[in-house]
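To begin, one chain is listed below as structure tokens, in the form predicted alone.
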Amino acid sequence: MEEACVRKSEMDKVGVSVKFGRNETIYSKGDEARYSYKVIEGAVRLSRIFADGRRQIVNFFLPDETFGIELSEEYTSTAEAVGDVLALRCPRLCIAQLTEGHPDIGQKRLAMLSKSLAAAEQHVAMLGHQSAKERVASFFLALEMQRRTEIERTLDLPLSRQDIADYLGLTIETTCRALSELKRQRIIEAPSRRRIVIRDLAGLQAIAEGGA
């Protein structure tokens, strides 16, 4: 189904709602970058597959976050729904037309790209210099900064244990050992596989920064 391009002030005024099931591919690396998306419900992961079959999750997106805005004509990663996802989809042509003659929208688009670049740089630094426990601590700190629950320092994990391992560049065994160590130190608690409670935020930050 093709959507008409309507000149509006926001992406969510021109997008149409689309649903994706658990692990469904939204687009694949190398596909023509025809659409941009905004997550309404659920979580989306971006990944790349290496020649030896290993998967690296390069980013993930939560509600109100936008993905699929590319500088090139093709998508540079594969986007998949972590669980059930509801998203707004906007044709790339609409984004381009909205930007023309509307500096405020152009600035928003630039801010989205800058945020993605900053996240990519932080991810590279983490993979290159942090230990397994430091990477896990940094991951939880990032979630705390964009916490979606109303309960203080309680995190609903958007990714599975395997997804977290692939995002952090670790094996699932190493990831689980790091989680167990953080629990042993009473830095966190894990009441369920999809929920983390931060008990010592200062301690978690110290570990993430390599000071503990």
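Counting begins at 1, following the sequence as shown. Predicted model only: the values in this text are computed from it and were never measured.
Note that the form predicted together with the DNA isn't included here; everything after this is about it.
> Exactly one residue in 29, 34, 38, 177 has a non-hydrogen atom within 4.5 Å of the DNA in the model of the complex; which is it?
Contact residue from the list: 177.
> Among 42 to 50, 139 to 147, 59 to 67, 180 to 188, which stretch sits within 4.5 Å of the DNA in the model of the complex, heavy atoms only?
Flagged stretch: 180 to 188.
> Decide whether residue 154 counts as a contact residue for the DNA in the model of the complex under a heavy atom distance cut-off of 4.5 Å.
Close contact is absent here: in the model of the complex, residue 154 is far from the DNA, nothing within 4.5 Å, heavy atoms only.
> In the model of the complex, does residue 193 come within 4.5 Å of the DNA, counting heavy atoms only?
Residue 193 belongs to the contact set for the DNA.
> Answer for residue 22 alone: is it within 4.5 Å of the DNA in the model of the complex, judged on heavy atom distances?
Yes, residue 22 lies within 4.5 Å of the DNA in the model of the complex.
> Any of the heavy atoms of residue 131 lying within 4.5 Å of the DNA in the model of the complex?
Flag for residue 131 set to yes.
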